[in-house]
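A single chain, nothing else alongside it, follows as structure tokens in the form predicted on its own.
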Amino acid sequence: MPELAEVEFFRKRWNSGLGQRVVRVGIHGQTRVFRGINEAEFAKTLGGSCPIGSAAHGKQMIFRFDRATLGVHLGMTGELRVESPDFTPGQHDHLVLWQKDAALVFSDPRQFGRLLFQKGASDPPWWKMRPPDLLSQEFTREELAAFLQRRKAAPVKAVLLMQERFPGVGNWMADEILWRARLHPATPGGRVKDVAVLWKTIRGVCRDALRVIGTKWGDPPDTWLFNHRWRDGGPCPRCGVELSRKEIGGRTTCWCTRCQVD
């Protein structure tokens, strides 16, 4: 599932269409990605409109038009692309916004993603209710410590996946954070001893992910856990010990038994 940096990368793709009016809207009617949306009103409103700005927060994106707001949640298999203006949609291309010089495409083969829509220029409720960005001043050590205590019995791996406090952190980012912080993923939230180190590491991984992946979809260096966590028998990039893998907090989790001791 796309996480914070992947979402930022896809958002920037559609930014090439900012300032260019939509001349035609194409949708796959009755697909799950449009659930809760009046498709006729959706197409009528966006047709002839002009995208004027965008933002990303965690796993959510918002595109502001001069007469509406479009929200995008990619789900597991969603992506945003930019195609030529003579583009013909495929089976999984559920939304196409044709412009004079390009076609903005939302594709989602498994339809776990979702589009959100509101007419007018004001921010919709689902965007206003966001938790603090992990790189903002509002995400503090004190807030992190309090949240860990409220989830004191849950494995810290599961806690990091809770979007109401850690927007954009998914499975690979949580593993990367815990590996860098030398925390065992099964450690209960209430037993995290050095909250300051965890707080600093969360922000560091977010910055690195946005810089490497969120800008140009770059390959993470081998010094990250990322490149080793997928392989059975993969080595810890810090100490060389074979990595362990197990389901923790409902997700397949990778960690080093030497660097991350419970």
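Don't overthink the numbering: it's just position in the shown sequence, from 1. Please read all numbers here as calculations on a predicted model, not as lab measurements.
There is another form of the same protein, the form predicted together with the DNA; it is not shown, and what comes next is about it.
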property	result
4.5 Å heavy atom contact with the DNA in the model of the complex for all of H184, G240 and D262	no
The DNA in the model of the complex: contacting segment from 91-99, 137-145, 176-184, 122-130, heavy atom within 4.5 Å	91-99
Residue (of R21, R24, R13, R251) lying close to the DNA in the model of the complex, criterion heavy atoms within 4.5 Å	R251
Partner-contacting position among R231, R211, R32, K200 - heavy atom within 4.5 Å of the DNA in the model of the complex	R32
Close approach of V82 to the DNA in the model of the complex, 4.5 Å, heavy atom	no
Distance check, S107 to the DNA in the model of the complex, heavy atom within 4.5 Å	no
Interface membership of K152, the DNA in the model of the complex, 4.5 Å heavy atom rule	yes
Heavy atom of H73 within 4.5 Å of the DNA in the model of the complex	yes
Those residues of 40-71 which, in the model of the complex, come within 4.5 Å of the DNA by heavy atom	K59
